[in-house]
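Listed next as structure tokens is one chain, alone, in the form predicted alone.
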């Protein structure tokens, strides 16, 4: 028996045949290899190309690609429009996410308990999540347009005098319009995540608090928020990382104007790269924006992990 096993495991010349386990492992790698190579090709090549573009003059209006060192970075850093667009991005992101969180939490708490028609209401509330931001922007343009949109007319009927607000071209109403569109679309995202967190809280905790005579406000601060903290950080983290990329609604609703007053970082990079064709400057700005976003990601992920370990 031992001799026959040895004979199966070897061939003439003393070379060992590959085992079934080794053959399966190699076959798995062969199956994965084409997809892995494709992913590497479409990710590594653009990355390396962008690194090269950072240090040359890659401009459609200027022939050649002369080496310029860190000039592209300095042009972005000392560009007042770039710094202003970064502040606009921060302010809009913070305001949008804050309002969406407050509204999402309020709606989630209102719909946490089951009642007749709850499923229909939830289905209606999450509809904006499935609409393209471009369509959302166009809808709000039609609603806020002066003088043909219904918003000014309804406000005039409510206040008793004619309202002629230029929502898309007048400060600060152009920012209010952008916030309205973003909050309308993305509050359901917050609502869905927070509702899932609320429904996972053990009911007996609330029952014990009720038996002890704890009021609704203390119950919210001492029970609901601590249990909901990981989901809150998760919702805020995901939403904030998406909010800093705000572009679609700005492009449709204000076009970055009037002037450059509603430029976000993404809109600034788009304008520099694909309107003015300064691709090197746009690439340098994109890398700067990516590094700043990465720092925010690291901070938020650490806070999220701390909240989960409590």
Partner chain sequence: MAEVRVTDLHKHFGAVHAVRGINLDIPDGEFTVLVGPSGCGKSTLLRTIAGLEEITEGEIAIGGDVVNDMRPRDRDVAMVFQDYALYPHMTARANIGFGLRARKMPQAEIDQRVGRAAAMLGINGLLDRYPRQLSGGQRQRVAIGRAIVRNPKVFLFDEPLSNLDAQLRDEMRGEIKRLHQEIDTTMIYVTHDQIEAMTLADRIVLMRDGVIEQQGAPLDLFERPVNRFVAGFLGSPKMNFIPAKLMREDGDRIILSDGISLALPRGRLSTNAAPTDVLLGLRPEHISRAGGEPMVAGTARVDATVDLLQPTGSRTFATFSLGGVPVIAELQAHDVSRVGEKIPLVLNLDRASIFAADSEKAL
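Positions refer to the first chain, counted from 1. As the structure is a prediction and not an experimental result, all values here were calculated from the model.
One more form of this protein exists, namely the form predicted together with its partner chain; it is left out here, but the text below deals with it.
Contact annotation for the candidate site: 245, 251 and 259 all lie away from its partner chain in the model of the complex (no heavy atom within 4.5 Å). Of the stretches 74 to 82, 159 to 167, 210 to 218, 133 to 141, only 210 to 218 has residues with a heavy atom within 4.5 Å of its partner chain in the model of the complex. Contact between residue 119 and its partner chain in the model of the complex is not found at the 4.5 Å heavy atom cutoff. Contact check for residue 204: a non-hydrogen atom falls within 4.5 Å of its partner chain in the model of the complex. Taking non-hydrogen atoms only, residue 147 never approaches its partner chain to within 4.5 angstroms in the model of the complex. At the 4.5 Å threshold, heavy atoms of residue 196 stay clear of its partner chain in the model of the complex, well away from it. The partner is absent here; in the model of the complex, the one residue of 223, 103, 94, 111 having a heavy atom within 4.5 Å of its partner chain is 223. Between its partner chain and the residues 184, 227, 238, 153, the one pair within 4.5 Å by heavy atoms in the model of the complex involves 227.
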